[in-house]
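Take a look at this one chain, the form predicted on its own, written out in structure tokens.
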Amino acid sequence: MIDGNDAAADGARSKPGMRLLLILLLALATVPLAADSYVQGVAARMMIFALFASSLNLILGYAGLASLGHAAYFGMGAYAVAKLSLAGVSNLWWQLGVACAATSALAAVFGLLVLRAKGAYLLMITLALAQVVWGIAYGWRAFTGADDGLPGIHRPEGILLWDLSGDVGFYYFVFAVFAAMIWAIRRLVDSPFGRVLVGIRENERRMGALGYHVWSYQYVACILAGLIAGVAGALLAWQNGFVGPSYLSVNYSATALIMVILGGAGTVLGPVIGAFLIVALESIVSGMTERWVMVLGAIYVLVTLFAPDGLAGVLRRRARATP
């Protein structure tokens, strides 16, 4: 277990990361004041995928549960708001509430199956379950549009005088959701619940011997991770105005996994760094060469070899070395 002194040490080590996160939030808040709509769109996409990666990090980095099927929740949230929008439901809270309920329910069902496996079997069952959902979306043309997807999604009505139809209004909505959820994740991982998750990740048997119901903690973490991923999927559906089966694909799951590992699993800042870096590289390098994925792969290999604890770990070590 983690005692009071360890907790204090962890808090001290996290201060540089939180300062960087606050600086990042301040920079994001000024983007519409200094950038055009394209840059705003890229920055909004960065925040959306940072939420997606952070949701995976909750179970991977803190609970020690690897997954290759996390896109199932991301896509479920996107499809939920898409169907409501196309059905004429324009209320923000209805759309977001249904998306959260749908992804939480899916995570609750999948969690019952996923937590029965360990190691490589865990990876395979998460991949298999996500592929089942992808197969349904790809084949059920009458409901999901199959490979044509669901175009024509409209952004929901604003909040009071907050108009979400414009680029600036929607950007600040994404920013507000991103900031609120990152703050909530931070509070969660610093809470006794988060400490227990870390203990389970480090030594599951010991935590069980100490009286903690390991399965229950992991199950709740799976549901919370699914909910956050669903919110990210809903935001991307609103931004793009389109949802397709690719939102549920293993490519999105693998991308989120790379973001977490690249930035640093088990940290709040790590998945944010990883997501921002990958989305930025995709936007910049893909305009220069069609083989931008090769460039991304090379960067990922270098980070894995020379910074196995991710970019957040590099920043943390430099902060410790600074007098």
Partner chain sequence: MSFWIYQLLVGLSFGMLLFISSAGLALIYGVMRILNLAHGAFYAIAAWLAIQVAGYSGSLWLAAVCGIAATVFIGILIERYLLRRIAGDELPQALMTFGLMLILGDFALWAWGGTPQTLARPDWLTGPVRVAGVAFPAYRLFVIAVGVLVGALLWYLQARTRVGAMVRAVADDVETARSLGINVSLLSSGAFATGTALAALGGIVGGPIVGVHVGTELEVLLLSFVVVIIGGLGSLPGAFVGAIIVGLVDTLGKALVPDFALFTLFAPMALILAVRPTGLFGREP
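Since the structure is predicted, the reported quantities are computational estimates derived from the model, not experimental observations. Residue numbers count along the first chain shown, from 1.
Separately, the form predicted together with its partner chain exists; it is not shown, and the next lines address it.
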| property | result |
| --- | --- |
| Location of its partner chain contact in the predicted bound form, chosen stretch of 115-123, 210-218, 74-82, 185-193 [non-hydrogen atom, 4.5 Å] | 115-123 |
| is_contact(residue 131, its partner chain) in the predicted bound form, heavy atom dist at most 4.5 Å | yes |
| Close approach of residue 297 to its partner chain in the predicted bound form, 4.5 Å, heavy atom | yes |
| 4.5 Å heavy atom contact, residue 198 to its partner chain in the predicted bound form | no |
| 4.5 Å heavy atom contact, residue 251 and its partner chain in the predicted bound form | yes |
| Position in contact with its partner chain when the complex is considered in the predicted bound form, options 278, 268, 43, 60, heavy atoms within 4.5 Å | 60 |
| Of 88, 152, 139, 166, the one that lies within 4.5 Å of its partner chain in the predicted bound form (heavy atoms) | 139 |
| Sequence-ordered list of residues in 50-86 near its partner chain in the predicted bound form, where near means a heavy atom within 4.5 Å | 60, 66, 68 |
